[in-house]
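Have a look below at one chain only, the form predicted alone, in structure tokens format.
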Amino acid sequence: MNHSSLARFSLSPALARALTSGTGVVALESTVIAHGLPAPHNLELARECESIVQEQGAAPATIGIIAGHPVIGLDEAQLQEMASRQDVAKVNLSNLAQTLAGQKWGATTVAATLCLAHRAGLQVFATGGIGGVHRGASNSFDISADLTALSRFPVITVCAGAKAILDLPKTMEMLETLGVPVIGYQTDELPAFYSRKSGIKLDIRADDPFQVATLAQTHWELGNTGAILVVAPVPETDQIPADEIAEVIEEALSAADSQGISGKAVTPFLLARIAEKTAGRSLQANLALLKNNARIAAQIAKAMVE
């Protein structure tokens, strides 16, 4: 029995026209819509990020799985369902095939979005923060599949660094080991998601989208097959300083440990706890950095085709 059709994807008509005409395209994930943000912020954010990409002269492509079918460029009705359905799986590389074969609905994480974006020929992707090495990973071996996906799929990935709840120094070590260049966008320091600074210095900096495009093209011409990670700080007016958020994160980690929260449940628990303890400031920072990353990614996507 031939199941190859399960792995085929649909392009929205607008996106197909953009690719044919040589317009820059920005891939956007759907996990932030289905699992990352509360309603109504999730749907509003999805629409705003798409609008920001369009305003910069590029085409948005929010990626998701509709009844087992990968869709590159969700339409308005599909975005609404993704934001409201209760049966949307959180899809990474380990359950992507299962979601397709089972004809289920799925929201793509960074890793799954990278995979499908690359299959569709997209070169630029905007997200919030990547996953990485979890604190205590020397015992738990809890390391996000985002890191190995970044080493496999040649897509420029724009983010605000790794999520602040992670072990950032070990995450950077892992990225170096995997050969993923980390480029500070108008910064010499790794941003820490909610915070503009982490204390971790970066070796590579780019100050405009054309520098990023040149670095990426050179990286791939050398035969490298992985991503370029572009890290952009959250806008200054929306950040929570690192020393301030650190105390909140430690409290959330302790709460997770005392309640026996583990595995895939850890990150959603921690983010919800942090939002509660910061009276919504962490949510505001999250929204601001997602929009900022979409804007930068659109500018890079334009530079890639000029």
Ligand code: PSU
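If you're wondering where the values come from, they're calculated on a predicted model, not measured in any experiment. Counting begins at 1, following the sequence as shown.
Keep in mind that the form predicted together with this ligand is not shown, yet the notes after this line are about it.
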With this ligand left out here, work out from 122-130, 201-209, 69-77, 231-239 which stretch has heavy atoms within 4.5 Å of it in the predicted complex. 122-130
Any chance S144 has a heavy atom within 4.5 Å of this ligand in the predicted complex? yes
Flag T31 as yes or no: does it have a non-hydrogen atom within 4.5 angstroms of any non-hydrogen atom of this ligand in the predicted complex? yes
This ligand contact at L290 in the predicted complex, heavy atom, 4.5 Å: yes
Any non-hydrogen atom of T99 within 4.5 angstroms of this ligand in the predicted complex: no
Looking at L271, L43, I261, V248, which is the one with a non-hydrogen atom within 4.5 Å of this ligand in the predicted complex? L271
Scan V88, V180, I156, V110 and let me know which has any heavy atom within 4.5 Å of this ligand in the predicted complex. V110
Triple contact flag T187, R196 and Q284 to this ligand in the predicted complex, non-hydrogen atom at 4.5 angstroms: no
Scan 154-170 and note down the residues that get a heavy atom within 4.5 Å of this ligand in the predicted complex; none is a fine answer too. K163
